[in-house]
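Next comes just one chain, in structure tokens: the form predicted on its own.
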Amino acid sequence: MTPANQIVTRFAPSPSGHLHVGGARTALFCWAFARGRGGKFILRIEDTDQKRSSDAASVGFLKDLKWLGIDWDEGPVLDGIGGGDHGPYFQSERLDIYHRELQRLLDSGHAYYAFDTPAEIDAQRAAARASGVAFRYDGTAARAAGNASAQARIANGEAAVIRFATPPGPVTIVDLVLGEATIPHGEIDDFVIRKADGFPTYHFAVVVDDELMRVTHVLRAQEHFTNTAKHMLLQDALGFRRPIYAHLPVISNPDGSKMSKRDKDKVLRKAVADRKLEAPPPGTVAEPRWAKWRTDKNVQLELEDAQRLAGALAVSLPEINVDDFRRSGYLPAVICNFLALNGWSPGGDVEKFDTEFLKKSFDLARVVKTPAKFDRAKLLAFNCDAITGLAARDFVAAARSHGQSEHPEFMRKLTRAQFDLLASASQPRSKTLDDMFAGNRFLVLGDDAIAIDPKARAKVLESGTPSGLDHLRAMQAILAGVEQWEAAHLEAAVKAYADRAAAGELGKVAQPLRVALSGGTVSPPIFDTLTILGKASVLARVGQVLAAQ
């Protein structure tokens, strides 16, 4: 049971894909507000929109929250988190509850059936536009018809929605972030509270759920601000409490545009146009989906298709959802820290903090009203600082976990010792957990799959006297004779040669080796690279370069 004076917040996403960073910020603020006051944080899934909802998306949302470290006191069960006394926590499983409350409104005259078809509503909207006035639904005739007449039409098979009979008069919203605002009389028409498919609309379900789950504070995005007036009218008609409202600023791109998955679509469409592609690259998007996407700018590819296409085109998609940032190798603590700063400040020039600090410090008085701009460069700098500041063992553990989920080929190819060595060499140069893998793919490629960069070949291998190729020929025999394939022994052998043949300039020997082994001029320290690849691969790759001359 919930104590009468306990603060209760909730986060109620629609399961239409992975959790957007804006939604994650809302969840984080709801969680911190409740946790810092000994309250309760509830998670529920608003899945009454059958066109947008899916079970897979629901699970994705839960996993995203768990990865961020945002747990819930009540809600869907995942890995031991969730449950509670006020379920079910999926709205699609609460239809009996909504039908009961709808009937109360019908019986009291606060709601009525309406039989307008979508085509008729569209015609009414068009007529309003033609007259230069805002569309307001006129429910006079439907209200007067009464429920008895409506039931007869329903029994005849006619489809009907249920509309709320909006009472006359203005509605004043008191908001802890935006202040007070009054919606004038006539601005709110008789809005739909149950759709023709029998499912409640967002406006109705959210009001019922907030009451029955004893929610005391509603923290949500500013886009819902005007909806609050409708919710307050429903609460009054149902005899419910009015929660305390606080509407949070939106998160935008630095140029002020909305952060949305369309940002990914724009990148893909530009890449396809630049390459003048008429057909999808093999193994990316099925032809029917490709054709639909290419001919309709309003159509977006599913995430898996988009990721495959981006990989084939060698373009990076902007991170929009929490899962994007996880896959890109950001640390969850950094994401929480950064998201908290998008719309709120602890004051005192404090920027770096953990969730324990956030729970103790978060308050609505320091939430800003204006949109928060998502500074990706600053986030990356935060992540870089956090990664380089990790204890070595913690970085190895985090890198291993990331590799297992995103780069299993590294886990299959490298032994534990090789992986740990790669991680140790990579940490000082990594801004994300993914950098270690993205920059070292040559380690897991087949020896015959290494392609030498032409510029590196000309500059490093073919120039100078002796040339890089000359040094490689000499090193081939020296490396073949190294019996203990360990960094210290390899360093001794290579340095001894550099002292004799390159006046002690190690780079003149190390760089040709690096190009032969990786295909380019960047790799972990050369002796770590030699150790990780192993003797057989090193000799095979050097041999291939020499044989190609």
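Keep in mind that what you see is a predicted model, and the values were worked out from it rather than measured. Sequential numbering from 1, following the sequence displayed.
Although not depicted, the form predicted together with a small molecule is the subject of the following passage.
With respect to the small molecule in the predicted complex, the three residues Asp265, Lys292 and Ala306 uniformly fall beyond 4.5 angstroms at the level of their nearest heavy atom. Comment: 199 to 207 is the region of 393 to 401, 199 to 207, 273 to 281, 178 to 186 lying near the small molecule in the predicted complex, near meaning a non-hydrogen atom within 4.5 Å.
Screening Glu462, Asp453, Glu406, Glu223 for any heavy atom within 4.5 Å of the small molecule in the predicted complex leaves a single hit, Glu223. In the predicted complex, no heavy atom of Leu19 sits within 4.5 Å of the small molecule.
At a distance threshold of 4.5 angstroms between non-hydrogen atoms, Arg10 is in contact with the small molecule in the predicted complex. Residue contact check for Asp49: none of its heavy atoms lie within 4.5 Å of the small molecule in the predicted complex. The small molecule is not drawn, but in the predicted complex it has no heavy atom within 4.5 Å of Ser537.
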